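Listed next as structure tokens is one chain, alone, in the form predicted on its own.
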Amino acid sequence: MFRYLPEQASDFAHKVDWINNLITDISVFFTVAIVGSMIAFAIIWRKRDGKDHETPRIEGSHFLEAVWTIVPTIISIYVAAYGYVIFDEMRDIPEDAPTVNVTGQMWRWDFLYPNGKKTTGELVVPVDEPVKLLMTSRDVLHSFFIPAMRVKMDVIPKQFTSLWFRPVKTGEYRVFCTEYCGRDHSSMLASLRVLSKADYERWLNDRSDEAKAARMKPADLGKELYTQKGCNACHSLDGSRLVGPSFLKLYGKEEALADGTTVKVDENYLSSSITNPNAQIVAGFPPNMMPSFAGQVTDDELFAMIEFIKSIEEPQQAAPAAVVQEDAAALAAMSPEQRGKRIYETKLCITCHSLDGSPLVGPTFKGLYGKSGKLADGSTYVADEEYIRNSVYDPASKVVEGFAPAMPSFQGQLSEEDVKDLIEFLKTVK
């Protein structure tokens, strides 16, 4: 009954499912029995023909009292004992289990293997071998969950937690964060790849990616890191204003800071901005937006990112033409609401505007359309189509009270049709 659990891929998954199914079946049985009896009694002893019908007077039954006390007690003790045995087994980590270090941060999972190999967003393990995960967080509370393995554990800043499992079949499985950790919590995904022992050994000892990185020019490696580390979400390469300053011709520039001083953008400034971004805030940009990458990038990676920024002397194209054509064909097949959602996810709206009511850099989109509110200059607004269109193309003209004027203009980046699609999407966010 109700056997809708995910695939069983670890050696104790069937035990977890058995006790879960037992509890479900018992709950359904007693719910049907009790509620069914209530309904039957209501029908049998209902008022009929406009007359009251006297119900039998029952003084009590010691036998029934004993049954409905003893039976649930025995069931509860059995479930608790069995559950404790399985819980203890899931916490008894085999001594020979190799340890993979897991680090969570908004919004990704990093993995470090015993031989020093690193991956991001993908955990690779051998089949039929126990694996221990030693986990911590760089920022907030996360929770590491692999449904197919039936394991889940909180990942806590400045502390270490652990779990283990033994996969029994090869394949690829999903990994989730099940602790709300911020605006992109639902996107904090990873994959678990279970390989045969021979394939795992080959994969573990294959250092071709590191060799490739070692052969790359620092600026080319920095370009890859620009995307991998999420710099592209806030820093453009074509001079357009996003959440943070553009990287175009940034190196060597005299930058005005929020405290009224100026600084020359050299290697020292770039290094400090990457590892301690709130130390020197550029004038016109809000503080506390960029996370620190201290401890997240190696010295070589830091040097590579600096070299990449130094190399941006001409505007760089966002995507190859073939990709743009494919996107256009896919967009044409979507509804306006779907295209609007895609714009929300790909044009950085998702970075500053939530869909769940939580305030970020800008107002939430939940219930926005048709909403009235107050602007920073004391006037009021109604979030109709004209207001939203104006907010996209000229956001600084009407800033909502309590929010900084941090949004860039999308004039020239979004067409009138794009804005109409975005508005149709906003109408659906209730």
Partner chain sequence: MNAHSDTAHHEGKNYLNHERGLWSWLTTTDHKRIGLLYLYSILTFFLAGGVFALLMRTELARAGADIIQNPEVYNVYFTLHGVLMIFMFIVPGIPATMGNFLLPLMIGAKDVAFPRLNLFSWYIYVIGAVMAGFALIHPPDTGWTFYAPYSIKSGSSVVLMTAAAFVLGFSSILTGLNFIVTIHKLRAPGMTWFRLPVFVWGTYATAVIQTLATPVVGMTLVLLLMERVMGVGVFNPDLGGDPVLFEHLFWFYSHPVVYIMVLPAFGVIGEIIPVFSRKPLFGYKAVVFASVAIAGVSFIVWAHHMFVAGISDTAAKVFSILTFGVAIPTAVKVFNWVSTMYKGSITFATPMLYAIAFVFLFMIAGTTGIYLATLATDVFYHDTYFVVAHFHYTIQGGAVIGLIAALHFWFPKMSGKMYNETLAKIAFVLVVVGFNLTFLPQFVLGMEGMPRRYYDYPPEFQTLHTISTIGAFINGIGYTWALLNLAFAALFGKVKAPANPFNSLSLEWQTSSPPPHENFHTVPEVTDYPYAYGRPLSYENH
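Numbering follows the first chain given and starts at 1. For the two forms, the rigid core is made up of the largest set of C-alpha atoms that agree within 1.5 Å on superposition. Note that the coordinates shown come from a computational prediction; the quantities given were computed from them, not determined experimentally.
In what follows, reference is made to the form predicted together with its partner chain, a form of this protein that is not presented.
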Do heavy atoms from each of A97, V168 and Y393 fall within 4.5 Å of its partner chain in the predicted complex? no
Only one of M216, L248, L204, L189 comes within 4.5 Å of its partner chain in the predicted complex by heavy atoms, so just point that one out. L189
Note: exactly one of P286, P315, P157, P336 sits with a heavy atom within 4.5 Å of its partner chain in the predicted complex, namely P157
Verify the contact flag for I274: yes if a non-hydrogen atom of it lies within 4.5 Å of a non-hydrogen atom of its partner chain in the predicted complex, no if not. no
In the predicted complex, does G60 have a heavy atom within 4.5 Å of its partner chain? yes
How about E386 - does it come within 4.5 Å of its partner chain in the predicted complex, if we only consider non-hydrogen atoms? no
So, in the predicted complex, is F30 in contact with its partner chain at a 4.5 angstroms heavy atom limit? yes
In the predicted complex, segment of 82-90, 302-310, 193-201, 220-228 with a heavy atom within 4.5 Å of its partner chain: 82-90
Given a 4.5 Å distance limit between heavy atoms, list every residue of 142-168 close to its partner chain in the predicted complex, or none if there are none. F145, P147, R150, V151, K152, M153, D154, I156, P157, K158, Q159, T161
Classify F41 as shifted (yes) or not shifted (no) between the shown form and the other one, where shifted means its C-alpha moves by 2 Å or more with the rigid core superposed. no
T31: after superposing the rigid core, is there a C-alpha shift of 2 Å or more between the shown form and the other one? no
Once the two forms are fit on the core, has V71 moved its CA by at least 2 Å between the shown form and the other one? yes
Looking in the predicted complex, are the Cα atoms of T275 and T119 closer together or farther apart than here, the change being 3 Å or more? farther
Closer or farther: C-alpha pair T275/A190 in the predicted complex, relative to this form, given a change of 3 Å or more: farther
